[in-house]
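Take a look at this single chain, the form predicted alone, given in structure tokens.
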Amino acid sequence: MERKDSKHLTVPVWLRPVLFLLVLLAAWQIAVLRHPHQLLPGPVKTADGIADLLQHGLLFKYVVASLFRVTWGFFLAVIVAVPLGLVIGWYRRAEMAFNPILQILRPISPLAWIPIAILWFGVGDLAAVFLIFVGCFLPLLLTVINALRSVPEVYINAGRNFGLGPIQLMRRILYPAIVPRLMTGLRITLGVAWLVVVAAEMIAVNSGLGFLIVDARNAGNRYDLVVAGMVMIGVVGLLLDTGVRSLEKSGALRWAYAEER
């Protein structure tokens, strides 16, 4: 008896998340149609809201405003937290001095700083940038300190055997050794920055995607624009995360992932 090979329909890997997303959108639209009196708009009405924002030139303006604040707050946190984390993690006395302060500040939410940010900088970009800096600084600092502790002692001893001084040891041995964990910390912290900017824009500024959500809700309960703003926040956040993940796999960082292949 001959055995017939059955042909199975295989879906490409890249297409599976797209199909799953389409299924979720269809379920969302069906749920809205079955309950038309609910305030939550469906995907069709949300798409109309995005098109309305594009037509009036507001979508690009708000996205750029949010990215501007995130870029400055995140960049300032990186250039301050990474060198300071290397110093604190390397010198034991510095760690003993700063650790109590870090442990006190660490549990405080960045949003708790909103009144102080407004008091110091007023309502505007500086207040939002300060809040993003606060939200990113401590996680990055602790990431660098913990990554430095995990550097194998053999790397440090090898550098000393070659006559490297403290600065050269930090630049040529310690910093390259912590880069893989630092990239992971940067990826997580960038997500925190995007969360903080949305919350800050709801209170401390009058532009950006966070402001769009609050303004749409107050201006006649335009919930289609509210959900449109939420969708754009998710899309931009996904693009930022994808960009950082691509950096993890490129160039000088590939060595860190050689064992996973």
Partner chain sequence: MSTMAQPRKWEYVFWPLFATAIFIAFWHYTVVWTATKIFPSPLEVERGFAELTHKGVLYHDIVDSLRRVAVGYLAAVAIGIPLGLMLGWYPTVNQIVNPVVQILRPISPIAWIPLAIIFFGVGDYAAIFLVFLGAFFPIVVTCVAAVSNVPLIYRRAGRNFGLTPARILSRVVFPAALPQILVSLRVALGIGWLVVVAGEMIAVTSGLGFLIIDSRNSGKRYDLVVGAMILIGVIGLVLDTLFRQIEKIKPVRWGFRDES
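Residue numbers count along the first chain shown, from 1. Everything quoted here is computed from the prediction, not taken from an experiment.
This next part talks about the form predicted in complex with the partner chain, which is not shown.
- Interface residue among 104, 158, 79, 167, judged by heavy atoms within 4.5 Å of the partner chain in the model of the complex: 104.
- Only one of the listed residues (205, 70, 233, 225) places a non-hydrogen atom within 4.5 angstroms of the partner chain in the model of the complex, and that residue is 233.
- Three-residue candidate spot 84, 183 and 186; no residue lies within 4.5 angstroms of the partner chain in the model of the complex by any non-hydrogen atom.
- Contact check for residue 124: every heavy atom lies farther than 4.5 Å from the partner chain in the model of the complex.
- Contact between residue 114 and the partner chain in the model of the complex is found at the 4.5 Å heavy atom cutoff.
- Remark: residue 17 counts among the residues lining the partner chain in the model of the complex, judged by a heavy atom distance of 4.5 Å or less.
- For residue 63, no non-hydrogen atom is located within 4.5 Å of the partner chain in the model of the complex, even though that partner is not displayed.
- Contacts to the partner chain in the model of the complex (heavy atom within 4.5 Å) from stretch 78-97: 89, 90, 91, 92, 93, 96, 97.
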